Structures are given as C-alpha cells and as structure tokens.
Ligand SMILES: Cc1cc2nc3c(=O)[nH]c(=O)nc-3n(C[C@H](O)[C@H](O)[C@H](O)COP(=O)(O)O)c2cc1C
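Just the one chain here, laid out as structure tokens, in the form predicted on its own.
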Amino acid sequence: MTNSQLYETIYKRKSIRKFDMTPLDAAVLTDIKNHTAEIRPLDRKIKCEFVYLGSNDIKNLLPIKAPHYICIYSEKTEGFLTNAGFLLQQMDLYFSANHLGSCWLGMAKVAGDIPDKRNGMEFVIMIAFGKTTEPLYRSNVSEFKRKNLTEITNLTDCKELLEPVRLAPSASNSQPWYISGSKEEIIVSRKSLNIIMAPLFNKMNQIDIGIALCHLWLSLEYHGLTPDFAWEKVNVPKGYDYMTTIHVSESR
C-alpha cells in the first residue's frame, strides 16, 4: 500500500456505521497488523502501541458494532493526542483503500478484562473496522459536508494542496483546523475552545488536528514536496491555538 493510494482514497472515503459481523480472514488481519508496524508517527519520540480487539472487548455509547477494533495506547506527553490522530488516520485510509469499512469511535472504551493502561501507556481512542453492509465510498466530493476552503485557510495559492485537509473527518464534524503562513512554511492551528466546550472537545479536537495533518502530509508528498514538522510557537490568527509548523521543500 503506497502513500499515493492512501492520498487518492481521501476523496472517496466515508465513515461506515453498518458492518458485516463476520470476522475477517486471519491472513487479512495479519496484513493489517503488518501494515500498522510500518506507518509513520508524527513525533517519533512519543511511545505508543496498537491493540486489536473484538466486539466483546469494547463498550460503545453509540449503536455501532463491528467485528474488529484497532486501539491506540500512548504515553501522556505533549502532542500525544495529535500523534495518535496522525497514526490512526493512516489506518483509516488503509482500511478504505483495501475495501474495508471503518469508523472513528470517540465515545468507545475498552471493556471487560482489557486494561485501559498498559506498559506505562493509556488508552486514547479506537477505530472500528470490517466488511460493510452499506456502500463503502462516496460517489463524489460533493457528498462531503465540510467548510469551504476559505473558512479554514487564508492561503490563496494552495487550493489543491489543502483540499485533502478540508475533507478530513473530525469529531462532530467540527473541523477545528486553520492553515496560515505560506506555501513554504505552513502554520496549523486549531480553534480555541470556550470554557463550556473545552472539557468535551479539547481531547477530540487535538486528535482531529492529527487527522488533518495526516491528510496534509499525504497531499504534500503526492505533489512532490517534502514536509518537515516543527513546533515553534509562532503567532496564529486570533481565536486559534498554535499546533505545528510545516517547513516545505521540493523533493529531491
């Protein structure tokens, strides 16, 4: 599975909520686990681990049941939520590109004998996956319910590069990201939360930024550019909180 294939999947993926509960073949699950070992983290210094669970191992507040779940555990350090979103979105796209349905489950928890802490790390979030009983893909981009590009960026010369960011999924479709800076130095921030909304969306919005950064990374590489992520605390538009800077160069 190439990054170009993941990039192309961005334009047709959708969240699946109706799954065939038949377990996947063992060989398919082995391929998935092997791919998980190869995906790129946003921050290599953050320790994390993937765990695969079945339908009896999770507790979900939403009526979505699937035969399989991939969970991410992480050490709690600066940027760990964004890193988790960056990693798991690669798997979300991988599932879709391999004709499997998937869905982010922000309200689900591990259950039963499955610990929420392991090896010094804590459970962060999970994705449900498996064969689907509903259409797997969107027929065209118009089916995405997303903000206009002008609502998420003030850059006027990056439409093609930033369209995958616009299409990224987010909790409650909040789309909290904003892109500023320049084509050579892209600054990513997220919408500031008020006191009332902060407890509910603070965690998920940070994961959402990781999802958007995954799409942006794939887009930059697809267009022959090399992204270098940095954390520099530069100024961002009023009403937003700084997340990361991406220094962009031509690929050699």
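A quick note: this is a predicted structure, and the numbers were derived from the prediction, not measured. Don't overthink the numbering: it's just position in the shown sequence, from 1.
There is also a form predicted together with this ligand; it is not shown, and the following applies to it.
Engineer: Even though this ligand is not shown here, does it sit in the predicted bound form so that 36, 70 and 130 each have a heavy atom within 4.5 Å?
Structural biologist: Verified in the predicted bound form; spot residues all out of contact, no.
Engineer: I'd like to know whether residue 114 contacts this ligand in the predicted bound form, with contact meaning heavy atoms within 4.5 angstroms.
Structural biologist: Judged by the heavy-atom cut-off of 4.5 Å, residue 114 is well away from this ligand in the predicted bound form.
Engineer: I'd like to know whether residue 186 contacts this ligand in the predicted bound form, with contact meaning heavy atoms within 4.5 angstroms.
Structural biologist: Judged by the heavy-atom cut-off of 4.5 Å, residue 186 is well away from this ligand in the predicted bound form.
Engineer: So in the predicted bound form, does any heavy atom of residue 138 sit within 4.5 Å of this ligand?
Structural biologist: Yes, residue 138 lies within 4.5 Å of this ligand in the predicted bound form.
Engineer: With a 4.5 Å heavy atom cut-off, would you call residue 105 a contact of this ligand in the predicted bound form?
Structural biologist: Yes, residue 105 lies within 4.5 Å of this ligand in the predicted bound form.
Engineer: So this ligand isn't shown here. In the predicted bound form, which residue out of 79, 176, 169, 164 has a non-hydrogen atom within 4.5 Å of it?
Structural biologist: It is 169.
Engineer: Just one of 225, 28, 51, 64 has a heavy atom within 4.5 Å of this ligand in the predicted bound form. Which one?
Structural biologist: Among 225, 28, 51, 64, a heavy atom within 4.5 Å of this ligand in the predicted bound form occurs only for 64.
Engineer: So which of 217 to 225, 40 to 48, 204 to 212, 186 to 194 is the stretch with heavy atoms within 4.5 Å of this ligand in the predicted bound form?
Structural biologist: Residues of 204 to 212 come within 4.5 Å of the partner.
Engineer: Heavy atom within 4.5 Å of this ligand in the predicted bound form: which residues of 230 to 249 meet that condition, in order?
Structural biologist: Heavy-atom contacts to this ligand in the predicted bound form: nothing from 230 to 249.
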